[in-house]
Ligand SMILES: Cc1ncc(COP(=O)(O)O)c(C=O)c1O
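We begin with a single chain expressed as structure tokens, specifically the form predicted alone.
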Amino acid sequence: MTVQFPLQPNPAPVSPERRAEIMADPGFGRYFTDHMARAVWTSDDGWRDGEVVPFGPIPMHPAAAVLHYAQEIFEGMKAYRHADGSIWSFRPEANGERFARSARRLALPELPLPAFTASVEALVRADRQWVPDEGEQSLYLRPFMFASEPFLGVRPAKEVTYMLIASPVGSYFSAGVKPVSIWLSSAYTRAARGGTGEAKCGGNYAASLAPMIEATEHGCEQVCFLDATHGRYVEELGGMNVYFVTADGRIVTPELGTILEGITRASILILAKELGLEVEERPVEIREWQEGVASGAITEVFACGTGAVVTPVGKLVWDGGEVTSPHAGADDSVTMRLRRHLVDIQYGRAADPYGWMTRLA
């Protein structure tokens, strides 16, 4: 039976005046809507108690397993307001399927896809006034699941909580769509074969924070990780997948195995073919990036993800050198053409031949 998410209205919602102030400059992940969705799973009863409730703190036992063993996962997706006032989401079923894959890797129960999408629809309907209608603003949706059982033994939790919160957002990078600089990490790796690299779990991101500090110290906005086995192959950035455009008409991205199977990444593989580019998923040596940009064999590098969508990469910096892409972010670049095409589909300004958009309200 599908988990339902009935609404318990917030008796003290944010005032329209305060909401308007927030929406004028939402930033990214700073403010939250009036409600949140939740459901509980136990090993005895399965999924139950689905509901949409007033947004607020989560009561948690100090021995909740997630606080000690990091048994948790999350997703990132968005709701977009179209010109006619309707609200849509981009490939939500892909987020739900990835959420289930992450759950399997972290020994958590799988939330059935109908329940996942029902929670998204219920929360967006409840808080539809929080979906922005300016520029490329959107409502960021954060589903997450964590081990809530109070137990200090090391085993999969027998009680798990699923939640969904929402936040109106502007650009992921405060400076907008501008070329970013990348620091090449040599002291840290993100994931290894058999690890959690393909799962969207907090531990992966926590492990990226120390190298992100290092990146900031070198004047960079993001960090690039190499593979843990050889230390030669590009994997992904701190929170985004990476792509390379070549002078001979190819678009190349590192193959899956230890990196997150990004939904934006997968969509670009399809859209790139419409631009006549030959698509390649394969190992990419860091020397190929360094020497390719220097020689002109690689004409563009860009990063992609739900938050940033598509962002040009202007510079790669490493201990002892750097290389700069001279035309990063140019209006006629492949990067920006792909970005415009994808964003136009998401906001309903272009046809959606792939059936990627789902109406929520």
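Quick note: we count residues from 1 along the sequence shown, nothing fancier. Keep in mind the model is a prediction, meaning the values are calculated, not measured.
One more form of this protein should be noted, the form predicted in complex with the ligand, which is absent from this view; the next part is about it.
Judged by heavy atoms within 4.5 Å of the ligand in the predicted bound form, the contact stretch among the candidates 262 to 270, 179 to 187, 120 to 128, 162 to 170 is 262 to 270. Contact check for Thr299: every heavy atom lies farther than 4.5 Å from the ligand in the predicted bound form. Not displayed here, the ligand is approached by Glu236 to within 4.5 Å at the level of heavy atoms in the predicted bound form. Of the heavy atoms in Val313, none are within 4.5 Å of the ligand in the predicted bound form. The shortest heavy atom separation between Thr253 and the ligand in the predicted bound form exceeds 4.5 Å. Screening Ala65, Cys304, Ala39, Val52 for any heavy atom within 4.5 Å of the ligand in the predicted bound form leaves a single hit, Cys304.
Site annotation in the predicted bound form: the residue of Asn241, Ser89, Ser148, Ser138 reaching within 4.5 Å of the ligand with a heavy atom is Asn241. Contact residues in stretch 181 to 205 (any heavy atom within 4.5 Å of the ligand, taken in the predicted bound form) are Arg190, Lys200, Tyr205.
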